[in-house]
Structure formats: C-alpha cells, structure tokens
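Quick setup: one chain, the form predicted on its own, written in structure tokens, and binding and motion questions come after.
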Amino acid sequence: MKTYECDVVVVGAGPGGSMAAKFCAEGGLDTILIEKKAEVGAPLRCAEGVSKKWLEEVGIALDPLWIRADMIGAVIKSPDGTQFKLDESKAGTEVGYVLERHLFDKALARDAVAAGSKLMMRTSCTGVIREGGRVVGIKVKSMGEEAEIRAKAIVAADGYESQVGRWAGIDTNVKLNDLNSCIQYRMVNCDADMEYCEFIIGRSIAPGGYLWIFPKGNGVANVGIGVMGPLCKGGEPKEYLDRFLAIDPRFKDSQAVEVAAGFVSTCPGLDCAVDDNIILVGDAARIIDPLTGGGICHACRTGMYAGKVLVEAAAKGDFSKASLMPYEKMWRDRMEDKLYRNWMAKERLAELDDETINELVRLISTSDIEEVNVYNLLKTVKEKFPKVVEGFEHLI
C-alpha cells in the first residue's frame, strides 16, 4: 500500500478546502488536497448566489470568467404576491453575483495548487488513522487503489455529508428542524427578470424555507426550493417547486436542463469544530447561514482561518486541540452572533402562517430602511411583530 507523508491533508476541494490548502501552502506547509470527484466543482450542489464584499476579505480577486451575472437588486415576495423590490443602493451586502460555480471552485483549487498544494483527484477518504489515541492521517482510495496519507493535521472540508469529523470523534449530528431538503432546476427559455434575484417565502410556498430565482442571463435561471422536512405537508420539495413553475407564467415555455438536489444544515455551527490534529471548515462544521442556507462565503472564511491557525500551530510544533482553538475564536468572533440571530429568525419564521408573512412583507415594503439587510429587516419587524424576535432581541 502506498503511503504519502505531509504536514496537512485537506479532504475536499470545495471553496473551504481549497482556501485552507492555499493558506497552509502559502505558510510553508507541505499540503495535500484530495477530491473524491472527477471534476472540481461538479456536479453542481449550490444556487450559485453570493454577496460581494466578503471576496476581498478572503483575498479572492474578481474574475469575469466565473461571474455569470451581476445583480442590480433583489425581490422578496410573499404568498399573496406582495413584493419588496430593492436595488443595490439599499440592498448592500444582500445583493451580489450569480456565479458559474464549477469555474469558481476550479479557480480556488488552481490558487491552492499555485501556492504549492498537491491536488489528488478521484481520491476519497475511507477512514482515519489513529495512533496513541490521536488521529495521524487518513485512509484513501485514489484512482481505485488504497493508500494512506499521514499528516500532522487534517482539515475536514467534505461538506454537509462530512464523515471525516465523525470518524475523528466530533459530533456532527443535526436535528431534523435544522435540516432543509433542497432541489433546483436550471431553467432555460424563461421570462424571469434577469437583473433581480427573487426570494419567495411562505408556508404554502416553501414551508420553513424559501423558493428562489437566481438569473444567469439569456433566459436562463436557477430556480430552486429549500424546505424544512417536518413542515412538509403538501408533498416533497420537488412537488412544491413543480406546482410553482406550473402556475407562474414566466416559466410556461421553459424547460429544465439540469437538476441538483441535496440537504443543507441550518444550525448555527457545531459546539466545537476542532480536536487534536483536526479542524472542520464550512458545511462540515455546520457553519452556514441558517436563514438563507448560503455557505460559500462561510466556507472561504473558515478555510482561510484554518490555514492561518495551522501555520501558527506548525511553528510551535503543536497541533493539539488547545493549539487549534484560536480557529474557534476566529470564526465565532466574525460570524457567531449573526449565525445565531439568523437561526433564531429561521425558527420563528417557520412558525408563521401565510397571512402573517403577507403582513410582514407589506410592512417592510412600506418602511423607510436605509440599507436593507437581515439585521435591519429584523429591527423593523421587531416594532410590529415582537414575538418574531422573542429570545434574541439583544442581537438586534
């Protein structure tokens, strides 16, 4: 059996994994990045929408190659058709780009390789290697052959289904209420507005979640839905999505050319995403926006933090849990309050009936909000519907 030796092995070449590998390699660490699929970024598992401001924060240079559409604004719509339309001048960070996600992921993997990482494709992790009670590497199947990768530290960036963290002894279980089932079609020949992202909320539309339309130009749009499993009384997510498409005239001559489906965790992160010799990033650490299900920016941030912490740990020669705890402080200082606030908002909104949702959208559509973001929307809602924010008022 072939054995590889390195400082850090990163499992998963999505945004979180590639960012972690890049920062590890830039810091002088011998880094191996593995990807189980035959192509980085495919098949698609994402609605492809991102906000703009965080890209500079993590050092990602804009590239027209992977930006499919630059949104002018967004529309929030309730079940009765009431809508709140806002342009970028008011939307702030809530409006951004629609990506070609497979090209975006490839660009980040390219950056990791350029920094010095070794990328191994068609290489899946099949278990962890333990010695003396500590994880010292992983077992893999690479191009059909079994091998071992021995490392001083592991970065688990293997997404929602993350097994590496569980194998290493970290509890990654998710409650049913913190799990959304999603399905998305890439629709062609549709008549949706190509300059605005659209979010449609309401229990009859998408119980415990929302339905989205993310335009990609030239009559193409990602149209998808995420629903909270326990609230689905009208069928599977696909049935909700198909009903919407059947009655919306913008899609009467449209067809799906691509289907993506999967699960998204909607909890505010794990209790702890590190242990001796291991760090979990992005979806593997459940660090994802519980309200929107957006996770690309969180994956990139946590990947960057993991890389920086591992470089510091290597300088000390200490990859223990205590040495890796600065990672916990980094991501919590930057994101925890917002994630918890949005998780509470998600829980409350899931309890509301359609008429209350209609009232909420009417309220915000007539309110004078200088910059529209989740925080300011909740401030407005708090005045008329205090029960919606009960229990997390201190975060608003």
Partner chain sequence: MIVNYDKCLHCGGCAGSCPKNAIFLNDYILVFNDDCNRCGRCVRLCPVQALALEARA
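Residue numbers count along the first chain shown, from 1. Predicted, not measured: the structure shown is a model, and the values here were computed from it.
Just so you know, the form predicted in complex with the partner chain exists too; it's not on screen, but the next bit is about it.
Contact with the partner chain in the predicted bound form, judged by any heavy atom within 4.5 Å, is made by just one of Phe263, Phe199, Phe244, Tyr196: Phe263. Contact with the partner chain in the predicted bound form, defined as a heavy atom within 4.5 Å, holds for exactly one of Asn218, Ser204, Gln255, Asn173, namely Asn173. Annotated contact segment (heavy atom within 4.5 Å of the partner chain in the predicted bound form): 176-184, selected among 207-215, 176-184, 305-313, 268-276. Judged against the partner chain in the predicted bound form with a 4.5 angstroms heavy atom cut-off, the residues Pro64, Ile67 and Arg301 are out of contact without exception. The closest non-hydrogen atom of Cys232 lies within 4.5 Å of the partner chain in the predicted bound form. In the predicted bound form, no heavy atom of Lys338 sits within 4.5 Å of the partner chain. Using a 4.5 angstroms threshold between heavy atoms, Ser320 stays clear of the partner chain in the predicted bound form. Interface membership of Lys238, defined by any non-hydrogen atom within 4.5 Å of the partner chain in the predicted bound form, is confirmed.
Taking the partner chain as it sits in the predicted bound form, the stretch 19-52 comes within 4.5 angstroms of it through a non-hydrogen atom at Lys36, Arg45.
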